[in-house]
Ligand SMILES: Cc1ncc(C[n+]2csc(CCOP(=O)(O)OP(=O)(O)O)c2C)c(N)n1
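Okay, here we've got a single chain as structure tokens, the form predicted alone, with questions on binding and movement later.
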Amino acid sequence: MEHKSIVKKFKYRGINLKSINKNLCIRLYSFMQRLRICEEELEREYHPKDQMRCPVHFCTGQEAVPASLNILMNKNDYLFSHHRSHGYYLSKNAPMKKLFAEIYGKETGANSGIAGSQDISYPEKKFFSGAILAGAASIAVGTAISLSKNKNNNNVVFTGFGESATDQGIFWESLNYASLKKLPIIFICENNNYATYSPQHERQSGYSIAKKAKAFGVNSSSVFGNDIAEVFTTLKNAISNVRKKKGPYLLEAFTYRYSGHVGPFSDDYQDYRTKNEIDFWKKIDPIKILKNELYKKKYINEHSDKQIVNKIHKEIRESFNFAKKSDFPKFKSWKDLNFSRKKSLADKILKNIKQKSFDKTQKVILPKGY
């Protein structure tokens, strides 16, 4: 499976819910709708009011992975995300109202209004995102090293990223080290094909990301990332093995974003993708294919579906009100945001040496081995 051939050759056979019971199906569907409507309403509100204080990277169309993680993660598992962060933030049960307030730059936001959408974190839920490409993977490996020191700990570190993160050397270094030390980490690549406007086949050669991961001794697989049943069951089995100390795992989920690289405006005027391509992916929309199956099985109907959606809209209205009514953060200096003014232990121990007393002619002696 690879993006450049999916539109030409891929024929979706339909979702199979045999391994997922009714209650679980409804929970997954509700989360996916919540995330989708959240993104759509933020996009709708962004302009012309111009009250949001940061760029926003929407994940409209990529709801299956965060929905699965929302159910499968433990509260003490760590989750590190790339800049397309909203789905992962909500998957860790971090509060929506604080997400909205953060985007509006308010002090009630998840990070007091100074991190924005790309760098939002919620340490209380062990969630962290960042704008540095492949940063989520490398920092996640460090956390996994820490967890591995405790043999009685069965918590897992998850790191989500796009396929463009694998353009970076640090990603493969992280994968190699995780395999070498059998770290408790799951790498999740949401492969939506594009690094801004550049398709994967113009940036990367060779096999798929999942196949390349096997060369490092990492168990991996590729799935159709819009099929929530396939994503959920694959992740469930992988998580079980990682908790049993069997080493890291990589999932490559082929999916698609409908929104522009950075919202709220569309960037289709760049002509980097065709209308035919977008229409193809919308026909196999992750929410649509699940919804159709739920109706067919009579797990939900128009009335219960409307109840789910109405509840979501109520939460979103409350989140907008919370964000808009909150105050902007107050601080005396930008320096206060960059470093602590408290005296460190080093300041107490180390002696200050005046520059004029420094001997510039002293010999430089290197330790042996350099």
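Heads up: residue numbers just count along the shown sequence, starting at 1. Here the structure is a predicted model, which is why all the values come from computation and not from measurement.
This next part talks about the form predicted in complex with this ligand, which is not shown.
Listed residues 287, 238, 110, 133 were compared with this ligand in the predicted bound form; 133 is the one with a heavy atom within 4.5 Å. 194 is the sole member of 254, 78, 171, 194 with a non-hydrogen atom within 4.5 Å of this ligand in the predicted bound form. At a distance threshold of 4.5 angstroms between non-hydrogen atoms, residue 165 is in contact with this ligand in the predicted bound form.
At a distance threshold of 4.5 angstroms between non-hydrogen atoms, residue 261 is in contact with this ligand in the predicted bound form.
This ligand in the predicted bound form comes within 4.5 Å of no heavy atom belonging to residue 98. At the 4.5 Å threshold, heavy atoms of residue 126 stay clear of this ligand in the predicted bound form, well away from it. The stretch that touches this ligand in the predicted bound form, counting heavy atoms within 4.5 Å, is 82 to 90, out of 294 to 302, 220 to 228, 67 to 75, 82 to 90.
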